[in-house]
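Given next, in C-alpha coordinates, is a single chain: the form predicted on its own.
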Amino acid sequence: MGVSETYARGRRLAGEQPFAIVVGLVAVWLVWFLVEGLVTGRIRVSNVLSYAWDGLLRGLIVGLAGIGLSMTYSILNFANFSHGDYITSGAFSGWAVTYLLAGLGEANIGSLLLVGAGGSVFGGALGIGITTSPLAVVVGMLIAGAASIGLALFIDRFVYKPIRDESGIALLITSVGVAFALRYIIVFVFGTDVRGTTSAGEVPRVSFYLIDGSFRINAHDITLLVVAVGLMLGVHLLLQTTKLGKAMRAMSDNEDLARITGIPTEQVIRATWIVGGGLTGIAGYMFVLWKGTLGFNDGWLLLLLVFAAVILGGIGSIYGAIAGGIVIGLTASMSVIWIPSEFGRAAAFFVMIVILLFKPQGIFSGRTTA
(Lines give C-alpha, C1' and ligand atoms only; values in the text may rest on other atoms or scores of the structure.)
Protein backbone atom coordinates (compact mmCIF):
# COMPACT_ATOMS: atom_id res chain seq x y z
CA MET A 1 0.00 0.00 0.00
CA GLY A 2 1.46 3.33 -1.06
CA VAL A 3 1.75 6.49 1.02
CA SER A 4 -0.97 8.28 -0.98
CA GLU A 5 -3.40 5.39 -0.53
CA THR A 6 -2.70 5.24 3.20
CA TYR A 7 -3.32 8.97 3.48
CA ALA A 8 -6.59 8.70 1.51
CA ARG A 9 -7.81 5.87 3.75
CA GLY A 10 -6.94 7.91 6.82
CA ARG A 11 -8.98 10.83 5.53
CA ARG A 12 -11.96 8.58 4.79
CA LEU A 13 -11.81 7.08 8.29
CA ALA A 14 -11.67 10.54 9.86
CA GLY A 15 -14.64 11.65 7.74
CA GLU A 16 -16.74 8.70 8.85
CA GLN A 17 -15.72 8.93 12.51
CA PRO A 18 -15.04 12.56 13.59
CA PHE A 19 -12.99 11.70 16.64
CA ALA A 20 -11.06 8.77 15.12
CA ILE A 21 -7.89 10.72 14.46
CA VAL A 22 -7.98 12.35 17.92
CA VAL A 23 -8.47 8.98 19.61
CA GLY A 24 -5.62 7.55 17.54
CA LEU A 25 -3.23 10.29 18.59
CA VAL A 26 -4.20 9.87 22.23
CA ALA A 27 -3.69 6.09 21.95
CA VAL A 28 -0.20 6.56 20.52
CA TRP A 29 0.65 8.94 23.35
CA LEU A 30 -0.67 6.51 25.99
CA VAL A 31 1.44 3.65 24.62
CA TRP A 32 4.53 5.82 24.65
CA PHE A 33 3.70 7.11 28.12
CA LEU A 34 3.15 3.65 29.64
CA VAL A 35 6.14 1.99 28.00
CA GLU A 36 8.78 4.67 28.31
CA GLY A 37 7.56 7.05 30.99
CA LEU A 38 6.17 4.88 33.76
CA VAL A 39 8.50 1.94 33.31
CA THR A 40 11.62 4.10 33.45
CA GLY A 41 10.21 6.38 36.14
CA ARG A 42 11.10 9.44 34.08
CA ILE A 43 7.52 10.73 34.22
CA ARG A 44 5.42 11.00 37.35
CA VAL A 45 1.71 10.26 37.29
CA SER A 46 1.03 13.23 39.59
CA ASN A 47 2.70 15.61 37.12
CA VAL A 48 0.72 14.22 34.20
CA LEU A 49 -2.55 14.65 36.09
CA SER A 50 -1.59 18.23 36.97
CA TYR A 51 -0.81 19.01 33.32
CA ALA A 52 -4.07 17.37 32.20
CA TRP A 53 -6.12 19.37 34.73
CA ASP A 54 -4.39 22.60 33.70
CA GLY A 55 -5.00 21.76 30.03
CA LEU A 56 -8.69 21.05 30.62
CA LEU A 57 -9.24 24.39 32.34
CA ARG A 58 -7.24 26.24 29.69
CA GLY A 59 -9.28 24.44 27.04
CA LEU A 60 -12.57 25.47 28.68
CA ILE A 61 -11.51 29.12 28.59
CA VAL A 62 -10.45 28.86 24.95
CA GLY A 63 -13.66 27.02 24.07
CA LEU A 64 -15.86 29.52 25.91
CA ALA A 65 -14.21 32.45 24.12
CA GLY A 66 -14.33 30.48 20.86
CA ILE A 67 -18.13 30.19 20.97
CA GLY A 68 -18.52 33.93 20.40
CA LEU A 69 -15.99 33.95 17.57
CA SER A 70 -17.63 30.93 15.94
CA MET A 71 -21.10 32.48 16.18
CA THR A 72 -19.83 35.69 14.60
CA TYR A 73 -18.34 33.79 11.69
CA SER A 74 -21.32 31.48 11.29
CA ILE A 75 -24.00 34.17 11.23
CA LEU A 76 -22.14 37.32 10.10
CA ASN A 77 -19.63 35.46 7.90
CA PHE A 78 -16.43 37.26 8.86
CA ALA A 79 -13.44 36.52 11.10
CA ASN A 80 -13.48 39.10 13.88
CA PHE A 81 -9.86 39.87 14.79
CA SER A 82 -10.98 42.32 17.47
CA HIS A 83 -12.43 39.38 19.44
CA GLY A 84 -9.30 39.09 21.55
CA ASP A 85 -9.59 42.70 22.66
CA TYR A 86 -13.24 42.15 23.58
CA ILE A 87 -11.82 39.51 25.96
CA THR A 88 -9.39 42.03 27.44
CA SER A 89 -11.98 44.82 27.64
CA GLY A 90 -14.40 42.58 29.49
CA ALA A 91 -11.66 41.44 31.86
CA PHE A 92 -10.57 44.98 32.77
CA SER A 93 -14.19 46.17 33.19
CA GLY A 94 -15.07 43.27 35.45
CA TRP A 95 -11.91 43.49 37.53
CA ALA A 96 -12.33 47.25 37.98
CA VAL A 97 -15.69 46.54 39.65
CA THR A 98 -14.24 43.63 41.65
CA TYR A 99 -11.43 45.84 42.97
CA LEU A 100 -13.93 48.57 43.83
CA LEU A 101 -16.24 46.25 45.80
CA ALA A 102 -13.43 44.38 47.52
CA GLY A 103 -11.37 47.46 48.39
CA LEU A 104 -14.00 50.12 49.09
CA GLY A 105 -12.89 52.02 52.17
CA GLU A 106 -9.42 50.49 52.08
CA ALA A 107 -7.93 52.31 49.07
CA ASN A 108 -8.49 55.29 46.80
CA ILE A 109 -11.52 54.81 44.51
CA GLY A 110 -9.59 55.98 41.45
CA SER A 111 -6.82 53.43 42.08
CA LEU A 112 -9.40 50.68 42.53
CA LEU A 113 -11.23 51.52 39.29
CA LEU A 114 -7.90 51.55 37.45
CA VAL A 115 -7.25 48.03 38.78
CA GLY A 116 -4.21 49.19 40.73
CA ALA A 117 -2.46 50.89 37.81
CA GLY A 118 1.14 51.78 38.60
CA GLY A 119 1.16 49.54 41.66
CA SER A 120 -1.21 51.84 43.56
CA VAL A 121 -3.09 48.89 45.05
CA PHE A 122 -2.75 45.11 44.80
CA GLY A 123 -5.44 42.47 44.52
CA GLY A 124 -3.53 40.21 46.87
CA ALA A 125 -3.49 42.91 49.55
CA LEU A 126 -7.26 43.30 49.15
CA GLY A 127 -7.72 39.56 49.67
CA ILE A 128 -9.64 39.09 46.44
CA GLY A 129 -10.81 35.53 45.81
CA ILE A 130 -13.94 33.47 45.28
CA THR A 131 -13.98 32.40 48.94
CA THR A 132 -12.77 35.65 50.53
CA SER A 133 -14.83 38.12 48.47
CA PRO A 134 -17.46 36.08 46.57
CA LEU A 135 -19.83 39.00 45.98
CA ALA A 136 -17.08 41.10 44.39
CA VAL A 137 -16.07 38.22 42.12
CA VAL A 138 -19.62 37.31 41.03
CA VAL A 139 -20.61 40.93 40.37
CA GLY A 140 -17.33 41.54 38.54
CA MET A 141 -17.95 38.52 36.33
CA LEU A 142 -21.45 39.75 35.44
CA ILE A 143 -20.14 43.26 34.72
CA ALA A 144 -17.43 41.78 32.48
CA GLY A 145 -20.11 40.06 30.40
CA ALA A 146 -22.34 43.15 30.31
CA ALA A 147 -19.44 45.44 29.34
CA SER A 148 -18.43 43.17 26.46
CA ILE A 149 -22.04 43.02 25.27
CA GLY A 150 -22.28 46.82 25.28
CA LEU A 151 -18.95 47.15 23.49
CA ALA A 152 -19.87 44.55 20.85
CA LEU A 153 -23.24 46.19 20.14
CA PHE A 154 -21.70 49.67 19.99
CA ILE A 155 -18.96 48.66 17.55
CA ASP A 156 -21.40 46.68 15.41
CA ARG A 157 -23.80 49.63 15.20
CA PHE A 158 -21.23 52.28 14.27
CA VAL A 159 -18.43 50.30 12.60
CA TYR A 160 -19.52 46.94 11.19
CA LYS A 161 -23.14 47.56 10.22
CA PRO A 162 -22.38 50.31 7.66
CA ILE A 163 -20.03 47.97 5.77
CA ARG A 164 -21.80 44.67 6.46
CA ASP A 165 -22.78 44.27 2.80
CA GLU A 166 -19.20 44.70 1.64
CA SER A 167 -16.75 41.81 1.20
CA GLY A 168 -15.55 39.73 4.12
CA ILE A 169 -12.05 41.12 3.56
CA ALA A 170 -13.29 44.65 4.27
CA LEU A 171 -14.85 43.52 7.55
CA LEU A 172 -11.76 41.53 8.49
CA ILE A 173 -9.39 44.46 7.92
CA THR A 174 -11.76 46.76 9.80
CA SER A 175 -11.79 44.34 12.73
CA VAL A 176 -7.98 44.47 12.84
CA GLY A 177 -8.19 48.26 13.10
CA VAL A 178 -10.80 47.96 15.87
CA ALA A 179 -8.50 45.54 17.71
CA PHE A 180 -5.60 48.00 17.74
CA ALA A 181 -7.87 50.89 18.72
CA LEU A 182 -9.31 48.97 21.69
CA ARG A 183 -5.90 47.75 22.80
CA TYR A 184 -4.37 51.19 22.95
CA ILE A 185 -7.42 52.69 24.64
CA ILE A 186 -6.91 50.04 27.34
CA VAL A 187 -3.21 50.97 27.54
CA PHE A 188 -4.09 54.68 27.80
CA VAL A 189 -6.57 54.10 30.63
CA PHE A 190 -5.06 51.22 32.60
CA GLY A 191 -1.38 51.27 31.66
CA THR A 192 0.92 48.53 30.39
CA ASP A 193 1.93 46.89 33.65
CA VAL A 194 0.86 43.33 34.39
CA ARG A 195 -0.70 43.17 37.85
CA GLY A 196 -1.53 40.36 40.22
CA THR A 197 -5.25 40.21 40.93
CA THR A 198 -5.77 37.55 43.57
CA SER A 199 -4.12 36.36 46.74
CA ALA A 200 -2.86 32.87 45.91
CA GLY A 201 -2.13 32.05 49.54
CA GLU A 202 -5.76 32.60 50.53
CA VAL A 203 -7.31 30.38 47.85
CA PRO A 204 -8.40 27.05 49.42
CA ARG A 205 -6.83 23.98 47.81
CA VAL A 206 -7.61 20.29 47.80
CA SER A 207 -4.65 17.92 47.43
CA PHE A 208 -4.87 14.46 45.90
CA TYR A 209 -2.05 12.21 47.07
CA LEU A 210 -0.68 9.51 44.77
CA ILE A 211 2.15 7.01 45.08
CA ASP A 212 4.67 9.29 43.39
CA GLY A 213 3.40 12.69 44.53
CA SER A 214 0.27 14.84 44.60
CA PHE A 215 -1.61 17.37 42.54
CA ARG A 216 -3.84 20.18 43.76
CA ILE A 217 -7.14 21.73 42.76
CA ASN A 218 -8.08 25.14 44.14
CA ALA A 219 -11.35 27.01 44.52
CA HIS A 220 -10.73 29.13 41.42
CA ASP A 221 -10.28 25.99 39.33
CA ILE A 222 -13.66 24.69 40.48
CA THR A 223 -15.26 28.09 39.87
CA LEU A 224 -13.96 28.16 36.31
CA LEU A 225 -15.15 24.60 35.68
CA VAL A 226 -18.66 25.28 36.99
CA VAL A 227 -19.07 28.60 35.17
CA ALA A 228 -17.70 27.36 31.83
CA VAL A 229 -19.70 24.12 31.78
CA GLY A 230 -22.85 25.94 32.92
CA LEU A 231 -22.57 28.57 30.19
CA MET A 232 -21.82 25.97 27.52
CA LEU A 233 -24.89 24.00 28.58
CA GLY A 234 -26.90 27.23 28.44
CA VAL A 235 -25.76 27.87 24.86
CA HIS A 236 -26.73 24.32 23.91
CA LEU A 237 -30.24 24.78 25.36
CA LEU A 238 -30.57 28.17 23.66
CA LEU A 239 -29.72 26.76 20.24
CA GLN A 240 -31.77 23.59 20.51
CA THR A 241 -34.89 24.54 22.46
CA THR A 242 -35.69 28.21 21.84
CA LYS A 243 -37.20 30.10 18.93
CA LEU A 244 -34.19 32.42 18.87
CA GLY A 245 -31.83 29.46 18.66
CA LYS A 246 -33.73 28.00 15.72
CA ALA A 247 -33.61 31.39 14.00
CA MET A 248 -29.85 31.54 14.55
CA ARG A 249 -29.38 28.09 13.05
CA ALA A 250 -31.58 28.95 10.09
CA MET A 251 -29.71 32.18 9.41
CA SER A 252 -26.34 30.49 9.66
CA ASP A 253 -27.44 27.88 7.12
CA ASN A 254 -28.88 30.33 4.58
CA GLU A 255 -29.25 34.03 5.35
CA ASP A 256 -31.23 34.84 2.18
CA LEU A 257 -33.72 32.04 2.79
CA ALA A 258 -34.07 33.08 6.44
CA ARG A 259 -34.87 36.64 5.37
CA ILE A 260 -37.45 35.46 2.81
CA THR A 261 -39.20 33.25 5.36
CA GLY A 262 -39.69 36.21 7.71
CA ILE A 263 -36.94 35.67 10.24
CA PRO A 264 -35.95 39.08 11.72
CA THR A 265 -32.30 38.94 10.71
CA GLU A 266 -31.31 42.19 12.45
CA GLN A 267 -32.67 40.86 15.72
CA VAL A 268 -30.75 37.63 15.20
CA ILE A 269 -27.55 39.57 14.52
CA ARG A 270 -28.11 41.65 17.66
CA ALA A 271 -28.71 38.49 19.69
CA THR A 272 -25.52 36.99 18.25
CA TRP A 273 -23.47 39.92 19.53
CA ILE A 274 -25.24 39.75 22.91
CA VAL A 275 -24.64 36.04 23.43
CA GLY A 276 -21.15 36.01 21.94
CA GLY A 277 -20.10 39.24 23.67
CA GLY A 278 -21.36 38.08 27.05
CA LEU A 279 -19.53 34.75 26.84
CA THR A 280 -16.38 36.49 25.64
CA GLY A 281 -16.32 38.99 28.52
CA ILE A 282 -16.94 36.29 31.11
CA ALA A 283 -14.22 34.12 29.53
CA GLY A 284 -11.77 37.01 29.89
CA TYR A 285 -12.72 37.58 33.51
CA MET A 286 -12.49 33.90 34.41
CA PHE A 287 -9.14 33.61 32.63
CA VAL A 288 -7.73 36.30 34.92
CA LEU A 289 -9.33 34.80 38.03
CA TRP A 290 -7.79 31.44 37.16
CA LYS A 291 -4.24 32.57 36.35
CA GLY A 292 -4.14 35.44 38.86
CA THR A 293 -2.66 38.18 36.64
CA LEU A 294 -4.09 40.81 34.30
CA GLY A 295 -2.39 42.56 31.38
CA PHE A 296 -3.43 44.61 28.36
CA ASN A 297 -2.19 41.91 25.95
CA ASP A 298 -4.01 38.94 27.48
CA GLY A 299 -6.82 38.76 24.94
CA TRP A 300 -4.54 39.21 21.93
CA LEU A 301 -2.31 36.33 23.05
CA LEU A 302 -5.34 34.15 23.79
CA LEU A 303 -6.86 34.96 20.39
CA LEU A 304 -4.33 32.79 18.54
CA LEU A 305 -5.43 29.73 20.52
CA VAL A 306 -9.09 30.68 20.09
CA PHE A 307 -8.70 30.83 16.31
CA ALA A 308 -6.87 27.51 16.37
CA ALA A 309 -9.72 25.95 18.37
CA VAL A 310 -12.42 27.31 16.06
CA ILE A 311 -10.59 26.13 12.94
CA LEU A 312 -9.82 22.73 14.47
CA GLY A 313 -13.41 22.19 15.62
CA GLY A 314 -14.86 23.27 12.29
CA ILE A 315 -15.42 26.92 11.42
CA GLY A 316 -18.98 27.91 12.32
CA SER A 317 -19.64 25.00 14.69
CA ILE A 318 -20.36 25.94 18.31
CA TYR A 319 -19.71 22.44 19.56
CA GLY A 320 -16.61 22.30 17.40
CA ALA A 321 -15.26 25.42 19.10
CA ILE A 322 -15.71 23.77 22.49
CA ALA A 323 -14.13 20.48 21.42
CA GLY A 324 -11.32 22.28 19.60
CA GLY A 325 -10.65 24.44 22.66
CA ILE A 326 -10.26 21.39 24.89
CA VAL A 327 -7.93 19.66 22.40
CA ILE A 328 -5.82 22.82 22.05
CA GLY A 329 -5.72 23.40 25.81
CA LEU A 330 -4.71 19.84 26.62
CA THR A 331 -2.05 19.84 23.93
CA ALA A 332 -0.54 23.17 25.01
CA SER A 333 -0.34 22.07 28.65
CA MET A 334 0.67 18.42 28.29
CA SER A 335 3.28 19.01 25.60
CA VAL A 336 5.67 20.21 28.33
CA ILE A 337 6.17 16.52 29.16
CA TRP A 338 8.28 16.28 25.99
CA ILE A 339 9.30 19.81 25.07
CA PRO A 340 10.16 23.10 26.86
CA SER A 341 7.11 25.02 28.08
CA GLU A 342 7.75 27.98 25.75
CA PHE A 343 6.94 25.70 22.81
CA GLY A 344 3.53 24.69 24.15
CA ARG A 345 1.64 26.97 21.77
CA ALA A 346 3.64 25.65 18.84
CA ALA A 347 2.72 22.09 19.83
CA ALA A 348 -0.97 23.04 19.91
CA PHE A 349 -0.78 24.43 16.38
CA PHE A 350 1.16 21.37 15.21
CA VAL A 351 -1.59 19.05 16.47
CA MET A 352 -4.17 21.26 14.76
CA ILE A 353 -2.32 20.94 11.45
CA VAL A 354 -1.99 17.15 11.78
CA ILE A 355 -5.72 16.73 12.49
CA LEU A 356 -6.70 19.05 9.63
CA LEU A 357 -4.55 17.03 7.22
CA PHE A 358 -6.90 14.10 7.79
CA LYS A 359 -10.07 16.11 8.38
CA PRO A 360 -9.73 19.47 6.61
CA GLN A 361 -13.19 20.70 7.62
CA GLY A 362 -12.48 20.22 11.31
CA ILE A 363 -13.65 17.77 13.94
CA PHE A 364 -17.32 18.64 13.44
CA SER A 365 -17.00 18.89 9.65
CA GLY A 366 -18.00 22.54 9.45
CA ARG A 367 -21.52 22.01 10.85
CA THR A 368 -22.71 25.58 11.30
CA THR A 369 -23.93 26.97 14.64
CA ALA A 370 -24.95 23.64 16.15
Partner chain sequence: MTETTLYDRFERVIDTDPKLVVAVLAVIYLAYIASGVAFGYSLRGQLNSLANLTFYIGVFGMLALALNLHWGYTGLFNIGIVGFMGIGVYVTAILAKPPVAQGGAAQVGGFGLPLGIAVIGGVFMAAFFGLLVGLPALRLRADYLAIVTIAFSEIVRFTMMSRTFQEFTVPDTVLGYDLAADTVGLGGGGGLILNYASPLEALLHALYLWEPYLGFVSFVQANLIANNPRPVVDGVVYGLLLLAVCGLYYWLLTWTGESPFGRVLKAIREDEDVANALGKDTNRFKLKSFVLGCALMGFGGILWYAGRGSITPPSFRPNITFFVWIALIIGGAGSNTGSFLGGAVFAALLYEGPRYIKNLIEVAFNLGDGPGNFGQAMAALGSLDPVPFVLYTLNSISELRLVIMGVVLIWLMHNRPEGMLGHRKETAASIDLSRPGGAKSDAAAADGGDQQ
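Since we're looking at a predicted model, the values are computed, not measured. Positions refer to the first chain, counted from 1.
What comes next is about the form predicted together with its partner chain, which does not appear here.
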- Heavy atoms within 4.5 Å of its partner chain in the model of the complex: which stretch among 126-134, 90-98, 285-293, 171-179? 171-179
- Message: Each of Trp53, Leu104 and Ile217 having a non-hydrogen atom within 4.5 Å of its partner chain in the model of the complex: is that the case here?
- Response: no
- With the partner left out of view, is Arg44 within 4.5 angstroms of its partner chain in the model of the complex by any non-hydrogen atom? no
- Should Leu225 be counted as a contact of its partner chain in the model of the complex, where contact means heavy atoms within 4.5 Å? no
- in the model of the complex, does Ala117 have a heavy atom within 4.5 Å of its partner chain? yes
- Query: Heavy atom to heavy atom, is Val229 within 4.5 Å of its partner chain in the model of the complex?
  - Reply: no
- Check each residue of 223-241 against its partner chain in the model of the complex and list those with a heavy atom within 4.5 Å, in sequence order. none
